[in-house]
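In structure tokens, one chain follows: the form predicted alone.
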Amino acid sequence: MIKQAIIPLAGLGTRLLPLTSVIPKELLPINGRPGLEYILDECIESGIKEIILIISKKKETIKKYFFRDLFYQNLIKKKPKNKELKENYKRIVKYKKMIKFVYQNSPLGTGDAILKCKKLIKSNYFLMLMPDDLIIKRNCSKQLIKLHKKYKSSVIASMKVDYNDISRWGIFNIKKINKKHFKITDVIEKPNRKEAPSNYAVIGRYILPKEIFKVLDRQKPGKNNEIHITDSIRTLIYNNNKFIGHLFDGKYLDCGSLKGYINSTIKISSLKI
């Protein structure tokens, strides 16, 4: 059973400047709630029991967000009839009980961030979610866990992207199983259009094997001198580890850019989720 999730949060958030010069991008409000809370809710609804948040010393505001008990308790004493205030505090306390924090103080890539969690992962597989990617209307993580049980393998969420945007994504080489699922035969990190084997892109939801830590331990830096999780996945595929791609149901929202962040707020406020 998959009971642990990792969420890397140590990124600098430069695409959301100047907002992120003051507030970590994961705490920026989307329809009145920090974007991170939507990701945490997705984990909880999927049956996850422990969530590992990877932060840096520069982003300790994220940690402080979950440890403002005295602030809330004093405010509730002053406003005992405020139900919304009580519910907010109750929700944060629930999150806090499930969360552990790990530090990545140098921006050396997602693979390096995941490696920091090596000693905390207990089971053979774990869930990883990227906070810039919101998927609403359907719980993508729950879908991946269901597929993991079916195929007894790693699973990665995917969607088709425009060929003009190929270089923004990790791109799969695939062997179709059915309309929604495919076997991943290769993955390339941010290829140009000529190099891309398809337009099936990696989206930020993964079920990964614990074995990936062995690969990350000896992996050399790739593009931009960073350790990319995509390169580790590629190594595992070449070593005959099975990876299934899933064209998820639900609506994808990119919260990693200023335009995407504004659009996400508009979409979530207008949809019944």
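Being a predicted model, the structure only gives us computed values, none of them experimental. When you see a residue number, it is the position in the sequence shown, counting from 1.
The next section is about a form of this same protein that is not shown, the form predicted together with a small molecule.
- request: Heavy atom within 4.5 Å of the small molecule in the model of the complex: which of 202, 114, 155, 127 fits that? Just give me the one.
  value: Contact residue from the list: 202.
message: Using a 4.5 Å heavy atom cut-off, which residue among 190, 138, 118, 180 comes into contact with the small molecule in the model of the complex?
response: Comparing distances to the small molecule in the model of the complex, the residue within 4.5 Å is 190.
query: If contact means any heavy atom within 4.5 Å, which of 166-174, 89-97, 144-152, 76-84 contacts the small molecule in the model of the complex?
result: Going through the listed ranges, the match is 166-174.
task: Consider residue 206 of the chain shown here, and say whether it contacts the small molecule in the model of the complex, taking contact as heavy atoms within 4.5 Å.
output: Result yes; residue 206 sits at the interface with the small molecule in the model of the complex.
query: If you check in the model of the complex, is residue 219 within 4.5 Å of the small molecule, heavy atoms only?
result: So residue 219 does not count as contacting the small molecule.
- request: Report whether the minimum heavy atom distance between residue 46 and the small molecule in the model of the complex is within 4.5 Å.
  value: Residue-level check for residue 46: no, no contact with the small molecule.
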